[in-house]
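As a starting point, one isolated chain is supplied in structure tokens, in the form predicted on its own.
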Amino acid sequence: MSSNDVTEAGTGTGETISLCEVPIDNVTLDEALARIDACIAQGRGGYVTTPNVDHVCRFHRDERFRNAYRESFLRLADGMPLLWASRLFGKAIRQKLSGSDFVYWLAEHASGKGYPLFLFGAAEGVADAAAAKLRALYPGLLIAGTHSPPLGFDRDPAASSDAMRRVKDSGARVCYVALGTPKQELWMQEASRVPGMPIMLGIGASLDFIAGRTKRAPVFLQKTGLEWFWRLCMEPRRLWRRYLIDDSYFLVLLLREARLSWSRRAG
């Protein structure tokens, strides 16, 4: 596996950049995996977030979400619009590391390193189906366990604590958390404070993609920044407001960023 397998966009040193005030780690695939390795080797927990247009907009609307994002130890650019915006403002993000791709790269990496993987979230049976698919792809992969918590578990302290205990006691070193935004980011923030929790990655609908329950957008739509349109067509009743109303705020944020960028250059 090589960082050449993902979309490149300029050069950089792996620093954290700010795009529309959202912190993003400007890393390659290999650098991202190395940071995860370092945390595991040091026995530290933590969680990974994957900023996209929806996350950027929510970052400005939701203080709890914003705080959860800032506490994540690794933030990977998810989506072509962020890469295009970063180039426009002279902060070129080096690679697109979408969560829906990273779940495969990290699973392959985990199989080579011997990291047991826990699959958490999604509907009943989805995590088990995804685990079977991942084991077939990466025969050395260790699955520490799966769990689909009941709806509303995150609002019940006892149920949430029980879910954390399941993950911690499984011996997993990596956990995929598929609860959807913002629930997964808020839950990972809370769970990361429990000693012994593994490295967690918020992955949205990726378990459904892996299990084949939901079809991911064709590659040409992913590369042209239209994956959101595909998802809207697949689930219009659930996603129309997010993509057509809530996320339109991204244009306002881009204009604000442009104004600040131009004023800095003029000064």
Ligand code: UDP
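Here the structure is a predicted model, which means the values were calculated and not measured. Numbers for residues come from their place in the sequence shown, where the first is 1.
Form predicted in complex with the ligand: not shown, discussed below.
- Contact check for E227: every heavy atom lies farther than 4.5 Å from the ligand in the model of the complex.
- Proximity of R231 to the ligand in the model of the complex falls within the 4.5 Å heavy atom cutoff.
- Taking the partner from elsewhere, A122 is found to have a heavy atom lying within 4.5 Å of the ligand in the model of the complex.
- A residue is said to contact a partner when one of its heavy atoms sits within 4.5 Å of a partner heavy atom; R66 fails this definition for the ligand in the model of the complex, lying far away.
- Site annotation in the model of the complex: the residue of K91, R166, K183, R135 reaching within 4.5 Å of the ligand with a heavy atom is K183.
- Only one of K223, R44, R238, K215 lies close to the ligand in the model of the complex, with a heavy atom inside 4.5 Å, and it is R238.
- This chain is displayed without the ligand, yet in the model of the complex the stretch 200-208 from 24-32, 200-208, 215-223, 66-74 comes within 4.5 Å of it by heavy atoms.
- Applying a 4.5 Å heavy atom cutoff to the ligand in the model of the complex picks out no residue from 126-144.
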